[in-house]
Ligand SMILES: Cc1cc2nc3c(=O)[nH]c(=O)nc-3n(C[C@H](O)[C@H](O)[C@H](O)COP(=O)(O)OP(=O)(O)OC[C@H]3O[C@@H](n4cnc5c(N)ncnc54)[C@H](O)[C@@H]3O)c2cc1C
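We begin with a single chain expressed as structure tokens, specifically the form predicted alone.
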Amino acid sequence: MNNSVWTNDVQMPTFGRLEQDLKTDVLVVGGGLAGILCAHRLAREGVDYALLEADRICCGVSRNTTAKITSQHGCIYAKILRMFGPAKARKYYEANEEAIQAYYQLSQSIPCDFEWKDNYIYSKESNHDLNAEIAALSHLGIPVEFTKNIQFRFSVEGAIRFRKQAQFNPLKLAAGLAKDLRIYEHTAAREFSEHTVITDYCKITVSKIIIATHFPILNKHGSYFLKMYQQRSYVLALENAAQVDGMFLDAAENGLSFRNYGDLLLLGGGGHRTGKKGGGWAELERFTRIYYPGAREVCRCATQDCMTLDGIPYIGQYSKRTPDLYVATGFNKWGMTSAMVSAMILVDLVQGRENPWTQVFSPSRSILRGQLLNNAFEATVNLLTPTKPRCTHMGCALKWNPIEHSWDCPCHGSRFNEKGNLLDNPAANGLP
């Protein structure tokens, strides 16, 4: 039953492998939702492009999301206001709100179970963080409401409500978009030079490259191995559980999230840094037994997210030294709006157009944040740990995950199954 709820009634289109040399203006590497949205917008604007996917489109993180389309990313605005000031905080909001509208427009021609829903950030114990967030939102002129009228089976002190946010089935949308795109599956990009990409079967000559591979696969530029770590989280799809009128997330770190899909309740949580111990599915199972004793598990899935130093994604030029190389990564558990924001920004940049949100999401912004030391410490400790097996990405010692039966990297989040086959990047190869 380890499967995504989104795959139940979706047949993804299939594409052949690229086996002959190709020349194109823009190459998108990575066939998750972000890559597909980039390709769709490039095609719509008449740009010569191609998309490479090493496996099957949307076979990774995109199929395991809870698929909330919202600009309310936890208590993020107080943090952005404090670190970057009101202008960038407001632009972050505007970019994500425009992403919601872009999804709505696509849903008018591609049936994808799009529904307008209010989004809530709730607190079970204290409203301190909520009050700080409300103050920041009010300062920024962002409409917000505080409410205590939350009908849960456990007590809630209060919640912040964003009206007219949305939810959908991401694979239905991806399937509808992808069928008309120039996509090559089972075609891994192995080597990169300035304007050339080498696969196992051919050479691709390009003008611009967009890396949309979840965790960036090029180490020599951008220092993403220091700027990010990965976090796993878990979802149960429950039958005969409560209907919740909206989308909900605990303000506390690693709290629970709720939303409905049809008559199913999607319960998320149990998160932890990849390669570390955490609540996992057992935490969700305990919660279900207490609060939804009559519920039945229909399916379950796990996913992982790239977490940045400051809570804002890295979208834009891959590094200051790579003018024709671009990236979309670090979505911090908010991959739906971040994928659309990535497409809007990157399709402008590869065509030489200015975009009003470039500076907010710039991958070259300051890395002098507290999380940098934690990331460096984890990498150093695991590089010096004298055990095998070792991650094929940068050589960190892998940790056995007895729950998911996988070898996980605590440094950068690569994962391998029991046989050593690669499950999650940034590693590009399985274990020897």
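Sequential numbering from 1, following the sequence displayed. As the structure is a computational prediction, the values presented were derived from the model and not from experiment.
Just so it is clear, the following notes concern the form predicted together with this ligand, a form of the same protein that is not shown.
- Task: Would you kindly say which of 335, 222, 275, 270 lies with a heavy atom within 4.5 Å of this ligand in the predicted bound form?
- Result: Only one option qualifies, and that one is 335.
- Select from the listed residues 112, 235, 80, 251 the one whose heavy atoms reach within 4.5 Å of this ligand in the predicted bound form. Looking at the other structure, the residue within range turns out to be 235.
- Message: Partner absent here, but in the predicted bound form, which of 363 to 371, 55 to 63, 389 to 397, 41 to 49 has residues with a heavy atom within 4.5 Å of this ligand?
- Response: Among the listed stretches, the partner-contacting one is 55 to 63.
- Query: Taking the shortest heavy atom distance, is residue 7 within 4.5 Å of this ligand in the predicted bound form?
  - Reply: The answer is no: residue 7 has no heavy atom within 4.5 Å of this ligand.
- Item | 4.5 Å heavy atom contact, residue 188 to this ligand in the predicted bound form | Yes - in the predicted bound form, heavy atoms of residue 188 and this ligand come within 4.5 Å of each other.
- Does any heavy atom of residue 326 come within 4.5 Å of a heavy atom of this ligand in the predicted bound form? Result no; residue 326 lies far from this ligand in the predicted bound form.
- Message: Under a 4.5 Å heavy atom criterion, is residue 67 part of the interface with this ligand in the predicted bound form?
- Response: Yes, residue 67 lies within 4.5 Å of this ligand in the predicted bound form.
- Has each of 31, 217 and 305 got a heavy atom lying within 4.5 angstroms of this ligand in the predicted bound form? Contact check passed for all of 31, 217 and 305.
- Message: Can you list, in sequence order, the residues from 103 to 139 that come within 4.5 Å of this ligand in the predicted bound form, counting heavy atoms only?
- Response: Residues within 4.5 Å: none in this stretch.
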